[in-house]
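As structure tokens, one chain now follows by itself in the form predicted on its own.
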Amino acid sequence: MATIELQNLTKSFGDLVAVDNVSLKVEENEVLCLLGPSGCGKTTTLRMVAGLEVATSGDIFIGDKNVNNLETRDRNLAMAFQFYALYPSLTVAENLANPLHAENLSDEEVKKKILEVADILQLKDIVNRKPHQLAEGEKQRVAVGRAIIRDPECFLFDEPLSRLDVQLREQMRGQIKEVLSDLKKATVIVTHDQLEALTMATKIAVMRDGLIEQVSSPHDIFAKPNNTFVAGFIGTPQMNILDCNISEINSSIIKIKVLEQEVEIDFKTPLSVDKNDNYFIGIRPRSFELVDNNAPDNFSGKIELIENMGSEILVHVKINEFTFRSVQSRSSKLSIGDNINLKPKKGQVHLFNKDGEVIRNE
């Protein structure tokens, strides 16, 4: 089995630097999701690994081999694209068999591999159908099957679920994750959907403007963001990020001035911060608890909007012309126009410096 390693990889298109000095390593049996907004460089990075784009500088290794000068067909990769690109005149079985033509296998070996992949991806009942007879989810499974059928060194997936509806996406996320865990190959998946990344990846690399902002496990990307960009990009509903000033420090308990109010927050452990300095505070909507309206040193405002989220509600709270959001249980029986007092939960608040970089524990 092989790893994928990028060393100082850069791609420029004239004056535009699409990928800027990216270094990453994907181990065997690891699924790395390149996650970021449109135009951040994630697909360009994947295309360079595949050999579909030539790097301006830097190196690409698959296993111990530098593949910079190898053609795509010589890199022993399998790739599934956003667009299925199935052959319309061929059956599912024939589409699956197409990548095997160059491997000099017997008809019996080809048939065996088709049946194995069809069983894994639940395609056995449709192997004789043609693409126009398939549902979108079935087409996607055929595209994935065509990628995995020939046992390549590693796998590349470019927005594999972007054309599916919400229900099919949820179903396919689980299926692809299960398949990849069984195959135990180094895999790179490009997506702009954070839920796909959080559920399918063993490791996530968040990109912005061609740069890697953070590489961590899905849990750490969510719970320990390196900066305000990662903090705001990951998580639904989005994290509240507010300007603040430190007014008092008592070990892990810090009093801040925010939205013209004074709020006391227990960060659980002491932070390296200075009194009277300006910072950014980040609080996820689920990191507030309702407290009595007379309780001091908490966020106090008026509810201007309530969104129904099933068993929860998303409460929009207005404080001095600024609105932030809090998720609460439907049983809280809140109403638009109510005054509300919210206490940040202990150890669930993030503090960032003026450059947007996270402040770690002392």
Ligand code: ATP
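Bear in mind that the values here come from a model prediction, so they are computed numbers and not experimental data. Throughout, we count residues from 1 along the sequence that is shown.
One more form of this protein, predicted together with the named molecule, exists but is not displayed; see below.
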| item | value |
| --- | --- |
| 4.5 angstroms heavy atom contact with the named molecule in the predicted bound form for residue 313 | no |
| is_contact(residue 320, the named molecule) in the predicted bound form, heavy atom dist at most 4.5 Å | no |
| Contact label in the predicted bound form: residue 328 to the named molecule, heavy atom within 4.5 Å | no |
| Contact test in the predicted bound form: residue 159 vs the named molecule, heavy atoms, 4.5 Å | yes |
| Candidate stretches 302 to 310, 330 to 338, 289 to 297, 42 to 50, one within 4.5 Å of the named molecule in the predicted bound form by heavy atom | 42 to 50 |
| Sequence-ordered residues of 6 to 40 touching the named molecule in the predicted bound form, heavy atom within 4.5 Å | 13, 16, 18, 37, 38, 39, 40 |
